[in-house]
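The form predicted on its own is given below as one chain in structure tokens.
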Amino acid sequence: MPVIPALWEAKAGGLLESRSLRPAWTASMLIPFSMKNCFQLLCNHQVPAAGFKQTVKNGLILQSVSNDVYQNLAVEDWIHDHMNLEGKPVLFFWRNSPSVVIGRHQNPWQECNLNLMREEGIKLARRRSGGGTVYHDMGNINLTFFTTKKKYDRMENLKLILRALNAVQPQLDVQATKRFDLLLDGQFKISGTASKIGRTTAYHHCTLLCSTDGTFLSSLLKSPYQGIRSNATASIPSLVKNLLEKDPTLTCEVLMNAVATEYAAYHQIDHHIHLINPTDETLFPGINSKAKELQTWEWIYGKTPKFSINTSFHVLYEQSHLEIKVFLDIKNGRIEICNIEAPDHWLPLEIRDKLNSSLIGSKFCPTETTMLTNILLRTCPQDHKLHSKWNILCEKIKGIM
């Protein structure tokens, strides 16, 4: 899949300018968002913003210049927490470099291939909304519709997207479902939905598959881990298809502009897409701390609902295979109960008990397990065969993390 280059770059002084890669008619819709007064007008602490009153009178259309999933999710949190959306809805476009995003109440070990993600350097993020797991890359558009709680309406937002798609390609057969997905040709999912409803504000965000790497998507969103028991929200697998496969003119830029135009017409606002830098503390005071929190192990893994693993694997010993059984209870991402069973003649009971007790309370992750097992190994007798068995067992255990 061709890489879509970043179309905007920072220049001296922090302003952002359009690059010549974008057609002139498209670039005219995008303007740098250096006007912090415009944002302040929308915030609860309102100040006059001479010259931009008409721009922000009824709402805004924003687009992130960052492709970092944590920074873009932090924008959602910031707008939800700080903006006064009464009569001023906001549409936010954002795209990410390759990453997997799970729902607020999901189990990452159940939803994706964490080992493959580590190998490929794919980021994992947990969002604050519910719903299922999605794969993001530069071929996927994320759209977030911010409104007051009273104006929250997912189906109305999806109908708006449908009108935009029909405006650029009338022959497209796309329909919204009762689950608030968008289906192409009655069977291929091109958009999934999630939302967060606060005390006074709400947001509905959805995806739009344009030219996503389908091979990566299918391999990353397939958990290899066996024996997991959990009450976490489970994703529902679906057939997917890119809009670009249907029509090569349906690029991300064309689709975003079409949705922006339809959104502006519906809300009777200016159709310009305002570019924002999610790391700019002058526009979003405190936003970098929000992005840092979203990157912490405690948020990504520690917020996983309690679950258990009951599995087994085999090791080769003297031309036969021995079964090793593993039972774990994990709460807040940490091992609460650990019971590893192996034949006594292969690994002494004393050694297994040391491993079981040392893992209790530790993070359910390969890095911490490696550190703990290396420390324990130093306390064991200097027996080459024993150390070899120990390393095999530890590698197997890390394989289920």
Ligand SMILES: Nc1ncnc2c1ncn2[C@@H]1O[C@H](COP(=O)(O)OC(=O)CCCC[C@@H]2CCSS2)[C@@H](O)[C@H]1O
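Please read these numbers as outputs of a predicted model, since none were measured by experiment. Counting begins at 1, following the sequence as shown.
Although not depicted, the form predicted in complex with the named molecule is the subject of the following passage.
- Only one of V101, C112, L91, L243 comes within 4.5 Å of the named molecule in the predicted complex through a heavy atom, and that residue is V101.
- Exactly one listed residue, out of R95, H205, H80, H274, brings a non-hydrogen atom to within 4.5 Å of the named molecule in the predicted complex: H205.
- Note that among 243-251, 322-330, 274-282, 209-217, the stretch whose heavy atoms approach the named molecule to within 4.5 Å in the predicted complex is 209-217.
- In the predicted complex, Y225 stays away from the named molecule, with no heavy atom inside 4.5 Å.
- Contact annotation for K196: none of its heavy atoms lies within 4.5 Å of the named molecule in the predicted complex.
- Residue contact check for N157: none of its heavy atoms lie within 4.5 Å of the named molecule in the predicted complex.
- In the predicted complex, the named molecule lies farther than 4.5 Å from every heavy atom of N72.
- For the partner-free chain shown, G132, T133, V134, Y135, H136, N140, N142 of 129-148 come within 4.5 angstroms of the named molecule in the predicted complex, judged by any non-hydrogen atom.
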